[in-house]
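To begin, one chain is listed below as structure tokens, in the form predicted alone.
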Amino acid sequence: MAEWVVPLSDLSFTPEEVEAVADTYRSGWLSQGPKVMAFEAAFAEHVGARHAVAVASGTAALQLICSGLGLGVGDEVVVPSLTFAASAAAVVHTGATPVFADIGAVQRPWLSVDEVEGVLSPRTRAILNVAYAGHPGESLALKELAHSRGLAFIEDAAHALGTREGGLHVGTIGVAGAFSFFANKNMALGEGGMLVTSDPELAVVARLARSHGLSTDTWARHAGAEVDYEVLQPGFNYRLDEARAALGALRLRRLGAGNDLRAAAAAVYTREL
């Protein structure tokens, strides 16, 4: 094991959070169910979106957004040249082509509006912005550019839970946003992600696609709401489990305090460096 002077992550869980996870395992219901639905409702309210769809990862959320918007072969999506692989991979998995645009500067490591304008083509269908290190960057200007050209504006908000810009939570500025709950994110559940959107059609497509395109999920059948299902579209196995949803609902309540600690640490680094 590496001996980190500064740890890669420093996670702590309250007794209430540990007990909530334990209660989920005691319940005997582990797959997507009522705790996932409660987590989605709390998350949507927190960020100000009409719909939140819990999924297996932030990458899964990005892929469901891209596929739900109908991106495909022959389409181009502008993505930042400085990003994690998942941003471009979500585009590639639809058959569309990622087109890389540069960041503003070393001190502004987010997608530049001017650089994006230089790579737009008749095949461009969307602009995918990454809130690098949780910073909104030029989100509002990118949205305006996308709107003026008839393009979709997609947000990779994996690091940006708690970030707001122009009165909007990052991830809700565009047509849809993707958040991550991986172990190094600011609301770590180990794995998991959330797709947020105010587009009801995209939300319906995403809910179908995350669970094999089934017309009803296992919980609905277990609860007696339905007794059968149909496969309405090709889908994926991108569900979030109940234990992580139970943990997420509680950790969401203390997100602000955690972000304040991160901001204080960042201020020290900025001053000293």
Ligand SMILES: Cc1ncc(COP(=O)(O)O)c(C=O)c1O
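Residue numbers run from 1 along the displayed sequence. Being a predicted model, the structure only gives us computed values, none of them experimental.
One more form of this protein, predicted together with the ligand, exists but is not displayed; see below.
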{"property": "Full three-residue contact with the ligand in the model of the complex, heavy atom 4.5 Å, for 58, 156 and 159", "result": "yes"}
{"property": "Heavy atom contact within 4.5 Å of the ligand in the model of the complex, the stretch among 117 to 125, 71 to 79, 178 to 186, 135 to 143", "result": "178 to 186"}
{"property": "Selected contact from 83, 94, 172, 163, since only one has a non-hydrogen atom within 4.5 angstroms of the ligand in the model of the complex", "result": "83"}
{"property": "Listed residue (62, 240, 246, 53) with a non-hydrogen atom within 4.5 angstroms of the ligand in the model of the complex", "result": "62"}
{"property": "4.5 angstroms heavy atom contact with the ligand in the model of the complex for residue 130", "result": "yes"}
{"property": "Residue 87: touches the ligand in the model of the complex, heavy atom cutoff 4.5 angstroms", "result": "yes"}
